[in-house]
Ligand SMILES: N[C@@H](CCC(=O)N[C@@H](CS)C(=O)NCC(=O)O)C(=O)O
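Next up: a single chain in structure tokens, the form predicted on its own.
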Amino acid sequence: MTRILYELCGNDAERPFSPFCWRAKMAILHKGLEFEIAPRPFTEIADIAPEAGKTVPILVDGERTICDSWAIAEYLEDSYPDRPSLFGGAGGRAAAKFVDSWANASVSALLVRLIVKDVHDILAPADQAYFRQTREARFGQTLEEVQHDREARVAEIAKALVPMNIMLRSQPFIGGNNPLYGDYSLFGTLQWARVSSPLKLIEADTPVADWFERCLDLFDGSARRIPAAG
């Protein structure tokens, strides 16, 4: 049986950047499952599995097709209970959902306004037109205006990550001594920025910076093998 993860790519199919796809990929690696990667640009996503959803990641596992990174994590946990747990129990699942929501609302929402033009620039021309139209409609500004003066706003990320820096003073991962899905939620968001933009977003010599390096090294450095932008 071939297990396939459809993920988002830009002009270079070897440089996946979607935060949600990174979450799903790290979850599959955590479970130790074999899978193939199928990179797709924005303009081809709708044709992958219209009945399952219109966004990636999409996981095809035998006869099952699952769309959405959180849904994929829950599917993996429930379908492969004999493999390493992504959540560490019911309480851990609830906590991971909180981290997932926090990463989206408090970190990704800030990051996108700092790197949205950089994301546009790594896309193929057809995807650039789609991305510019949809994102400028969302923000009510040009991509250039959204990203303008971003260096003055980088400090917002440090503020958002204060709870992480405090927690990581006493443990190496969100999951404790070992990573769990909550780690992959935030890591996916920060890996998105690392791959898409040369802007330095994580303060050096902080617990979060050290944690991020540990996450890059997980699973034989699977994430680190994708070069940083710039």
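All residue numbers refer to positions in the sequence shown, first residue = 1. Quick caveat: nothing in here was measured; it's all calculated off a predicted structure.
Another form exists, predicted in complex with the ligand; not displayed. Remarks below refer to it.
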Problem set entry | Heavy atom of each of S108, S185 and F212 within 4.5 Å of the ligand in the predicted complex | no
For this session: Just one of 54 to 62, 28 to 36, 197 to 205, 168 to 176 has residues with a heavy atom within 4.5 Å of the ligand in the predicted complex, so point it out.
Result: 54 to 62
For this session: Check whether K117 has any heavy atom within 4.5 Å of a heavy atom of the ligand in the predicted complex, and answer yes or no.
Result: no
For this session: Indicate whether the ligand has at least one heavy atom within 4.5 Å of a heavy atom of I45 in the predicted complex.
Result: yes
Exercise. In the predicted complex, does Q191 have a heavy atom within 4.5 Å of the ligand?
Worked result: no
Exercise. So in the predicted complex, does any heavy atom of Y80 sit within 4.5 Å of the ligand?
Worked result: no
Exercise. Does anything in 3 to 32 come within 4.5 Å of the ligand in the predicted complex by heavy atoms, and if so which residues, in order?
Worked result: L8, S18, P19, F20
